[in-house]
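Single chain ahead, written as C-alpha cells, the form predicted alone.
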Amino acid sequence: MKALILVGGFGTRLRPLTLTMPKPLVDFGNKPMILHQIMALKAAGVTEVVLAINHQQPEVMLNFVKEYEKKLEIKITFSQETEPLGTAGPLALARDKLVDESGQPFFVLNSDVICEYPLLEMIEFHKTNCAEASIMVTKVDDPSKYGVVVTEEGTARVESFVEKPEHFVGNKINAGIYLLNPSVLDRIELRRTSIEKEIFPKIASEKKLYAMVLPGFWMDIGQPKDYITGQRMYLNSLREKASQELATGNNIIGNVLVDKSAVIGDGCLIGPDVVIGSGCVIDSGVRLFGCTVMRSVWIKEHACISNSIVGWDSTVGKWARVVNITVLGKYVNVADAEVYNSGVVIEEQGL
C-alpha cells in the first residue's frame, strides 16, 4: 500500500518553532511530528509514503527522508508543488506515485493530526462497506466550531457536510485521515482544490463515502494550545498502551516522558504531562508541568515552566518562570528571574 501526507503548510500558527524547522519535523513526544504518522503507516502495511510539500520547503526535509528511509525500511518520496494546490490538488499532482497495477486504496493524512492511528481497522472498514472513499471522524463536545459530517442514521454512510452549524445536526467532525480508491483521483483536477468542500460532497452524493468513528484520542496540534493539549492526550495513551516508556521516580508526578540522555538534578518536581528531549540539563529545584522541553535545553536552578514549549538549544535562567502557553524558539536565552507569560519569543542566534 501507499500513502500521501499533506505537509505543504507553512506552520505559521506554531511560530517561532517553525521559523527554524519545517512544521512536520517539529518535535512531539520526542519524535518529529510526521514520524508518528510514518511509523503508524508502516505498521499498517504501507511500503511507500509520498510527502506532498510546498515550493518553499527547506533542505532539512531531504536529510530527514534519507535518515528514516534507512531506519524504518520504508520508501519516502516527495511531490512538490510549484504553486499552492489546496488539499486535493496535491493528490492529482502525485497521481503517478500513488497509482500502480495493484489498484489498492491509499491513505491520505493531514500532517497536524495526532491520534492512535487505527489504520488496519480503517482498511477493514473500507472493504466491508465497499466504499470509494472512507474518512475518519471524531466526536466533539461543541460541533458548532467545526464542519460536521452527517451520516445516515444507523449506518456509516456520509449524507452531507454542514459547516459550523447553528443548530445541532451531529457531533462528528473530519479527523484528517482518509482511505481512497484510485478512482477518486479521476475526480480531481490539477488546480487548487479542496478535498473537503469539492471532492467529498460529490462522492457522498453518489452514496460512496463512508465515515469511521475514530476510537481513542484525537487532536490537531498545529497551534501551541492544542499542541499542549495533544501532548497530554498522547502521554495518557502511552500510559495505557506502553507505560514502560514513561519515567518513574520520587520526583515524577503523573505521565512524564524523558529522553535517556537528559540529566535531571536533585530536588526537582517533574509532571504531570511533561516531555524532556535529548541532551537536556535540568538543574536542581526545577518545577516542570504541562510542558515540552526540546533537545539540548538547559534549565537552571529553581526555574518553573508550565503549559509552555521551550525550543531547541534554549536556556532558562535561575528562578525564571515560563508560563501560560508561552513558546520559546530556538536559541532563546531567558535571564535569571525573568517571567514570560503567554507569548512567543523569537530565537536569538548565537547565544
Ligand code: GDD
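Not measured: the values here are computed from a predicted model. Position 1 is the first residue in the sequence shown; the rest follow in order.
What follows is about the form predicted together with the ligand, which we do not show.
- In summary, among the residues G86, P182, G170, G277, the only one with a non-hydrogen atom within 4.5 Å of the ligand in the model of the complex is G86.
- Between the options D226, E132, E196, E159, the residue in contact with the ligand in the model of the complex by a heavy atom within 4.5 angstroms is E196.
- Taking the partner from elsewhere, no residue among Q231, D273 and I305 has a non-hydrogen atom within 4.5 angstroms of the ligand in the model of the complex.
- When the ligand is considered in the model of the complex, G249 lies well away from it, no heavy atom lying within 4.5 Å.
- When contacts are judged by a 4.5 Å heavy atom cut-off, K127 does not count as touching the ligand in the model of the complex.
- In the model of the complex, none of the heavy atoms of T315 sits within 4.5 Å of a heavy atom of the ligand.
- At a distance threshold of 4.5 angstroms between non-hydrogen atoms, K164 is in contact with the ligand in the model of the complex.
- Residues with any non-hydrogen atom within 4.5 angstroms of the ligand in the model of the complex fall in just one of 232 to 240, 174 to 182, 97 to 105, 209 to 217: 174 to 182.
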